[in-house]
Every structure is written in C-alpha cells, then in structure tokens.
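This document starts with one chain, in the form predicted on its own, laid out as structure tokens.
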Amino acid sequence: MRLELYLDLLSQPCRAVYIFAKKNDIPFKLCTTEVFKGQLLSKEFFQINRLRKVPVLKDGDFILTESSAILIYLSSKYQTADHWYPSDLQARARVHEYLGWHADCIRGTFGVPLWTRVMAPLIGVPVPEEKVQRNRTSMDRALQQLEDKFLGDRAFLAGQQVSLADLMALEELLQPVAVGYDLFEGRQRLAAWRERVEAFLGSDLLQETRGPILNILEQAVNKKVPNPPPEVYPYMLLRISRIP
C-alpha cells in the first residue's frame, strides 16, 4: 500500500517531514489535515491518531506519530543519503543529542508567536504583553544555546553536513520569522547556517512547502484567515492558556 502522510503545513514538524520526503523522492500520498478547520477532531482521524496530532505516517497497517520518529523511519526505510541520519555511531548520537534538546527547548517555544499574533486575536483572546516578552526572552536564550552548543564553528548542527537536526531546527525557527519576528537579525552565524541549509534544500521546494505559513500574517491583517469552527475553540483556548 502507498505511504500516507497526514500533515498540516502550518505546522513546523509537518513541514520538516514534507520537505524530507520530497527532497529524497519518497513516494507518498499527502493527506492534508488542517488543525484550525477541526480536522483533527474528526472520528476518522481519531482512528489514525488517538492523540489528535499531526504529523502522522501510515505505511500499510503501520501507523507512526512524532516527527523525529517519522523522519528516522523514512531515512531508514528508504535508505536516504547517510548525512541525514548517519550510520556512524557518534555522528548519529549527535543528531539524537540535538533532537532531544530540540524537544525540550525549541518545541513549544518558537511556535508561540503564531498564537500571540494570529490565532489568539482571531478568536478574540488577547495574550498579556508580559507573556509575549517572556517568550521573546526564552527564544533569545535558546538561540544563544543553539549557536554556542550545537552550531559552534561547524557548518551544520550535528557536523559538516546537513542532517535531520538541521531540518527540524530550521522549520521551527522559521515560525516566528513568518509572523514578523526576524530572529536571525544580528546573528551572523545563525543566518549563515540558515543560508547553507536553505541552499541545500532548494528554493522551489521551500516555497512550495512554506506558502501557508509565509502568507498567514498578511491574511490575518486583511482578515482573510477563516474563523475556526466552534468545536476547535476549546483546543485553541487550552493552547493559549498554556503559554507561560
């Protein structure tokens, strides 16, 4: 059976999975699953993922969630170029080291500006300014750690070649950029890293993948973002309430 990927390209990890599959010519059926249209709440999707989250991979009867696990599965099954997920034990450990830190320090932090600038205003729930500033501080701290610990004087986060670590990081860092917070400004090492990764991935693929997120702020300003259905409001309110 054909590989299926359930994705919403507004989502950072979903974009990482999509880019990886496309860049490596992995054949798949895209099952677009839009969070803010309530599609995660359908009975059909519940049968795919009881956690009601994307991305999800379905390979025949095998269903896999969590973006890191999906990327590792794809790289292993389709025997992609070794630099993505190195066969060398220590090089692979470096990728895992970053992915572990990413889950703790990047995920949940860099997605907040989309909520404060677009999603919360969309449903009429203002986010206190002190939370916005606290999130900026958290992002700045994480960016400094990213530069000092993982990038250093290397070309890429886990070594001298692009890996899954770079792909996961890049799409996460793009999320604030898309809503007007250019976190690469004044960070020359990080900006140069971004240029290297994007040059490797290719502008056409990135434009194809990032269209929804790069247009979201303009759509919000022009009031062209569709109102979510009522059943999505409790999920959105919960997510907003969890902004530290």
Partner chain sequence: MGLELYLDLLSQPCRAVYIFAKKNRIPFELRPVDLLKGQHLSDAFAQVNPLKKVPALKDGDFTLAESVAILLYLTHKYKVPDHWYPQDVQACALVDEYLAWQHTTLRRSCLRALWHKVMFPIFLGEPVSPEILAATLAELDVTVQLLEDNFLQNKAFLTGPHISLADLVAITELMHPVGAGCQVFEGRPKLAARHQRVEAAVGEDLFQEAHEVILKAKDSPPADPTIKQKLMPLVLAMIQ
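Numbering follows the first chain given and starts at 1. Computed from a predicted model, the values in this text were never measured in an experiment.
Below, we refer to the form predicted in complex with its partner chain, which is not included among the displayed structures.
In the predicted bound form, I26 stays away from its partner chain, with no heavy atom inside 4.5 Å. Its partner chain in the predicted bound form comes within 4.5 Å of a heavy atom belonging to G100. D140 falls outside the set of residues with a heavy atom inside 4.5 Å of its partner chain in the predicted bound form. For Q39, no non-hydrogen atom is located within 4.5 Å of its partner chain in the predicted bound form, even though that partner is not displayed. In summary, the region of this chain contacting its partner chain in the predicted bound form, judged by heavy atoms within 4.5 Å and restricted to 112-120, 158-166, 125-133, 72-80, corresponds to 72-80. None of L205, L217, L64, A191 but one reaches within 4.5 angstroms of its partner chain in the predicted bound form through a heavy atom, and that residue is L64. Residues are counted as partner-facing when one of their heavy atoms sits within 4.5 Å of its partner chain in the predicted bound form; in 83-108 these are Y85, L89, Q90, R92, A93, R94, H96, E97, G100, W101, A103, D104, in sequence order.
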